[in-house]
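Take a look at this one chain, the form predicted alone, written out in structure tokens.
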């Protein structure tokens, strides 16, 4: 049986034509931009990166190189870096503006940041990036400490607002350095958020803790950062799961694609397409944890061998208003979306398979973060995934592993294609990027969280939603 084609956004295709664009301009209708996504061999950014420093900065950013560590990290990742806007030739569009705001301590610094950003934002090109780097606000202390915490929190408001104001596929995100984190920990997250791989990640705040990435780590500049890793992806037969298997394989991982026996045909196509293995397994079955552990023991090269990446992607919906939800719909959704990840992860921990360098990535949802009409069971399960990774993170940190989640918004899949047409259009347009994402957008974020250079990112939930109104 032929696999269904990926849903098309016919409205976006129409307004990208000359007549459609003219009509949209006259009517004041949204005109979604074509987003810049990953292409092998393409540069990190479509134009130079302007790096600005606000305030005194942290000692971690005082290096021998002009512009400090942010400029150095971007340059190592392949960006053309400018330290002053005047150094960028007139008429040339910026690919990114990156601001070290770790030294912002006063309300006057917030105003200075806004005034510095304005001229730079005017020079941004299509699919450009605005990236702020701040500090995790600390609790307690005297008046000065309280003001610093308030100012650092204020960076979040600026970031999210700028994200809503940008056009032409540009995005804005904030990286926060936790105490003890340095430039090496920032390399992977900064390179990812600057790159085309983060096309649908917008308006997000990511905390970076001290990890194991060295200062000379190339971040995501490596073409195969997952060489030596084995990646298990549940729900891999189609949609986000299939895209995740493909991106992880592109990054160098050996993929074990998992899905229910009923999807064995599509599952085999996924596995064969990435030169991986197919494991037909119902993740809710009583023996699923044992079977997965046994399979992985045959695949892995022992405790000192391969790193393990586990992506809990399998998920279902059984939507009804709360008053109409019966026990069967509650039990089915919770069993697949939450109980299975909990049981499988627990078994892998008990078996000692989640060692140094391991990565656990759960697939949550903006519905789980903000709630959604008719999805009480689904929202509970997806909020539970967020809770699972937050609770796992400290335990995994003891062995040098991480746990995170991605929370997709409206993504063009077979599932969203079944949404009524009007609601489907609302789901696409009520985001800063004015369109739905693609399965590959979620997959790229999962792969980034799986990389060695993301060692400082753990216990986080990263929305892949184009800065959707839902859960904003």
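Positions refer to the first chain, counted from 1. This one's a predicted model, so the numbers in the text were calculated from it and none came from an experiment.
Below: the form predicted in complex with a small molecule, not depicted.
Proximity to the small molecule in the predicted complex holds for all of 259, 378 and 382, with the criterion being a heavy atom within 4.5 Å. For the options 345, 105, 284, 246, the residue carrying a heavy atom within 4.5 angstroms of the small molecule in the predicted complex is 284.
314 is the sole member of 229, 177, 191, 314 with a non-hydrogen atom lying within 4.5 angstroms of the small molecule in the predicted complex. Of the heavy atoms in residue 95, none are within 4.5 Å of the small molecule in the predicted complex. The small molecule in the predicted complex comes within 4.5 Å of a heavy atom belonging to residue 411.
Put simply, residue 160 is far from the small molecule in the predicted complex: not one heavy atom of it is within 4.5 Å. In the predicted complex, at least one heavy atom of residue 239 sits within 4.5 Å of the small molecule. Contact with the small molecule in the predicted complex, judged as any non-hydrogen atom within 4.5 angstroms, is confined among 132-140, 361-369, 347-355, 183-191 to 361-369.
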